[in-house]
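A single chain, nothing else alongside it, follows as structure tokens in the form predicted alone.
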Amino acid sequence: MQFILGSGSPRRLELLAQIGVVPDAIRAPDIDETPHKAELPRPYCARMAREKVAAVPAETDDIVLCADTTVALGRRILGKPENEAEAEAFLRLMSGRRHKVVTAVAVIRGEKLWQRDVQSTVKMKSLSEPEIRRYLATGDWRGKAGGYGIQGPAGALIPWISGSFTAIVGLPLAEAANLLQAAGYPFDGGAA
């Protein structure tokens, strides 16, 4: 049995290490992440996690974990910005408002699938022009849902959250540990 992390995210790797889980292999799946017409953020995120975990090559007894993080403003999905202009537009949309961050986790072993999703609420402060410019200049928006990562420079823009900090970063640890345990991952008496 191998444990395979189906993600290229260094943040997910670091989060798993916090609970003593080190993957035997890392295989980032390549799937189409385009939302379906009128698809809502939470079902979209859950579908992405399921499609990712199904796309990772694995042996029957391997345990594969994949996750997807989606930032939503109302019914609108704010994906990974394609460029700085889109990242800026996302920041302006979220400035002074609350938004949702949904992270879905899927674990597969053989034919069996375990899945959970966690929804958190994040408040972004009202952003000034200099704050927007400063943040965009960091480049931290690249490759992040909604164009920000709460664990980086954008943390200074977030005065309040309700929910799971680790889910907002990209992997809800309590839920991930429970799913791995259900799949038979051999925790060695660690934090999980």
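Since the structure is predicted, the reported quantities are computational estimates derived from the model, not experimental observations. Residue positions are given as counts along the sequence shown, with the first one as 1.
In what follows, reference is made to the form predicted together with a small molecule, a form of this protein that is not presented.
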| query | If we take heavy atoms and a 4.5 Å cut-off, which stretch out of 161-169, 34-42, 53-61, 126-134 is in contact with the small molecule in the predicted complex? | reply | 161-169
| Any non-hydrogen atom of Pro29 within 4.5 angstroms of the small molecule in the predicted complex | yes
| Any non-hydrogen atom of Pro153 within 4.5 angstroms of the small molecule in the predicted complex | no
| message | Is it the case that Gly143, even though its partner is missing from this view, gets within 4.5 Å of the small molecule in the predicted complex, heavy atoms only? | response | yes
| request: Evaluate Val71 for contact with the small molecule in the predicted complex, applying a 4.5 angstroms cut-off between non-hydrogen atoms, and reply yes or no. | output: yes
